[in-house]
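Given next, in structure tokens, is a single chain: the form predicted on its own.
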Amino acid sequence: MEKFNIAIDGPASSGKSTVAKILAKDYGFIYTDTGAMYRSVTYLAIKHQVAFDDEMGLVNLIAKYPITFSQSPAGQLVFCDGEDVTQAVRSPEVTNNVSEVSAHAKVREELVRQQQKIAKDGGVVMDGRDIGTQVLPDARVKIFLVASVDERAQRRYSENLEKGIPTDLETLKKEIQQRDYLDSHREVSPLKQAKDAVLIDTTGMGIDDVVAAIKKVVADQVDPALA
């Protein structure tokens, strides 16, 4: 099968990571969670007491503590210099500060370089906020997922409860709205739909329905056999 790249963008909790993992497994592609990379830098900043507005300090963290991924029976694991941070990077403290960290041009430049290296030979499903516009502008398939704030908050609320993370639903709604604003208004690589991306509103849709919708796009744009 042709090794093409799939770029999936969208706001927080729109379902990007979940469907990207399924698509990568079904197609035998590599899944790359770019959000986890920015979360890892944020985690490192908190751990090593580097200010979120210290751009070069954050870049130095990336160089000193390499971010890597590994597959396990339980799913993808995220490491910073060999430390398993898969759960740590999903903490509310990281979530509420990752937008500020990811707004720095030099931080994005370094992580985008790493992301493009991963995808250079194709066969990658990559999700984030600027994959179709900046990271993989030549991706064969581009998807932009959206969903209502209420539904995204409920999804994140349920995920947090499953992981044992104390969460208030109303607070979560406000945090998601604030993150949407920050992500879409930052100067460097803001969250926006690529001109050639297909918009899919996942409000009220189950995961299987979203996966099926994306596979239809893949079938239409690449190969009918991939539906």
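Not measured: the values here are computed from a predicted model. From 1 onward, residues are counted along the sequence shown.
This protein has a second form, the form predicted in complex with 2'-deoxycytidine-5'-monophosphate, left out of what is shown; the following refers to that one.
Engineer: Give a yes/no on whether Arg129 approaches 2'-deoxycytidine-5'-monophosphate to within 4.5 Å in the predicted bound form, heavy atoms considered.
Structural biologist: Answer yes; at least one heavy atom of Arg129 falls within 4.5 Å of 2'-deoxycytidine-5'-monophosphate in the predicted bound form.
Engineer: Should Leu145 be counted as a contact of 2'-deoxycytidine-5'-monophosphate in the predicted bound form, where contact means heavy atoms within 4.5 Å?
Structural biologist: Flag for Leu145 set to no.
Engineer: Against 2'-deoxycytidine-5'-monophosphate in the predicted bound form, would Tyr43 count as a contact residue? Criterion: heavy atoms within 4.5 Å.
Structural biologist: Output for Tyr43 is no: heavy atoms all beyond 4.5 Å of 2'-deoxycytidine-5'-monophosphate.
Engineer: In the predicted bound form, is there a heavy atom of 2'-deoxycytidine-5'-monophosphate that lies within 4.5 Å of any heavy atom of Thr34, even though the partner is absent here?
Structural biologist: So Thr34 counts as contacting 2'-deoxycytidine-5'-monophosphate.
Engineer: Please identify, from 100-108, 80-88, 146-154, 116-124, the stretch that has a heavy atom within 4.5 Å of 2'-deoxycytidine-5'-monophosphate in the predicted bound form.
Structural biologist: After filtering at 4.5 Å, what remains is 100-108.
Engineer: Does any residue in 165-199 get within 4.5 Å of 2'-deoxycytidine-5'-monophosphate in the predicted bound form, counting heavy atoms only, and if so which ones?
Structural biologist: Going through 165-199 in order - heavy atoms within 4.5 Å of 2'-deoxycytidine-5'-monophosphate in the predicted bound form - the hits are Arg179, Asp183, Arg186.
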